[in-house]
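The form predicted on its own is given below as one chain in structure tokens.
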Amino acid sequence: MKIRIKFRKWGVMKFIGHLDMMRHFQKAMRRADIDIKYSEGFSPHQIMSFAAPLGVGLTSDSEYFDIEVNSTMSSALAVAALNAVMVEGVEVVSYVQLPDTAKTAMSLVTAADYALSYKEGYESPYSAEEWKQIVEKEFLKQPAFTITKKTKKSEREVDLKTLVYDFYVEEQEGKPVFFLKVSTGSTDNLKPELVVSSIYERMGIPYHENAIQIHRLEVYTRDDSGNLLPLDALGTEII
């Protein structure tokens, strides 16, 4: 039986990397009496696969991973059992059963929503209203927004507009917040901060990555019609 679990991550836990988060959940499965399956062989391990590992320093409302179980309690009981053994800064929010033929969350990820906000003690060079006009003029109304994307091995020209599905600015608590829906996954993976830093560069102002808090809002896949769906929408709650 395949299960998809969704959890939130915030506070000091944003500094905990992916491997340590995986180890935390492996221990949590045992402590919460989740009847998780183990692989066969000389070194059996829990069958667990994360969708799109979160970078260190980021917070999130929507992290996903899949497990396989021999048997299961109800979704409500499983969520309660897991949260009873969670550390502060991590909360399980859903536990749904997947069809037997379901692909892994990692292979399904195609997009993600993010909110980028200014941390306490840092000020924006422009007001929210000014940023709205800048994003509209410099990005949304442009036929293309091409940058040189550098990797450890090469450089290549990338049109960010083909990888950004939504981009807008709102004012929250007196500061501008950037909201982006971007391509995510193994093929075309775009970091939202690259979009914002590229806008900064176009405006001729320095971008300080430590000034921005990146928060993932949701992770999506596409249905047969091409519509975006949250990953847990593919499962059903266990009664």
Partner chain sequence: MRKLALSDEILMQVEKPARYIGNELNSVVKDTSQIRFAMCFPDVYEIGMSHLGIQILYDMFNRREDTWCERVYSPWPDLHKIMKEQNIPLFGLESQEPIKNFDFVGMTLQYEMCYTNILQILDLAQIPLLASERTDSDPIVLGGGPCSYNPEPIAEFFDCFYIGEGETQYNRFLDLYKSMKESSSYSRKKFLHEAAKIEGIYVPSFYEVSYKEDGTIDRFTPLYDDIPVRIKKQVDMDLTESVYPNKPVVPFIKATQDRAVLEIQRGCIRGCRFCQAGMIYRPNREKGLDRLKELARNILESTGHEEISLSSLSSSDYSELEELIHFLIEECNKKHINISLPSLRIDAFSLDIMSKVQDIKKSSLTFAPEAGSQRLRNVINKGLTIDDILGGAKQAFEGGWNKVKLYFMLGLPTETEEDMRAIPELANEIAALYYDTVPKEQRNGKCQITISTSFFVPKPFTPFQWATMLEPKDYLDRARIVNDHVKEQLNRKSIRYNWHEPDVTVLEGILARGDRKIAKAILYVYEHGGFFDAWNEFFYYDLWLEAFDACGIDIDFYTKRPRGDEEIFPWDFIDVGVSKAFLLREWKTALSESVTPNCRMRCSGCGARQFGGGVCFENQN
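Just so it is clear, the structure is predicted and the values come from calculations on it, not from any experiment. Residue numbers count along the first chain shown, from 1.
The same protein has a further form, the form predicted together with its partner chain, not shown here; the description that follows concerns it.
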query: is_contact(M13, its partner chain) in the predicted complex, heavy atom dist at most 4.5 Å; finding: yes
query: Contact of R222 with its partner chain in the predicted complex (heavy atom, 4.5 Å); finding: no
query: Close approach of Q213 to its partner chain in the predicted complex, 4.5 Å, heavy atom; finding: yes
query: Heavy atom of E129 within 4.5 Å of its partner chain in the predicted complex; finding: no
query: Its partner chain in the predicted complex: contacting segment from 166 to 174, 61 to 69, 196 to 204, 42 to 50, heavy atom within 4.5 Å; finding: 42 to 50
query: One residue of M86, L140, V96, M73 in contact with its partner chain, assessed in the predicted complex (non-hydrogen atom, 4.5 angstroms); finding: M86
query: Contacts with its partner chain in the predicted complex - residues in 17 to 52 whose heavy atoms fall within 4.5 Å; finding: D20, R23, H24, K27, R30, R31, Y38, F42, P44
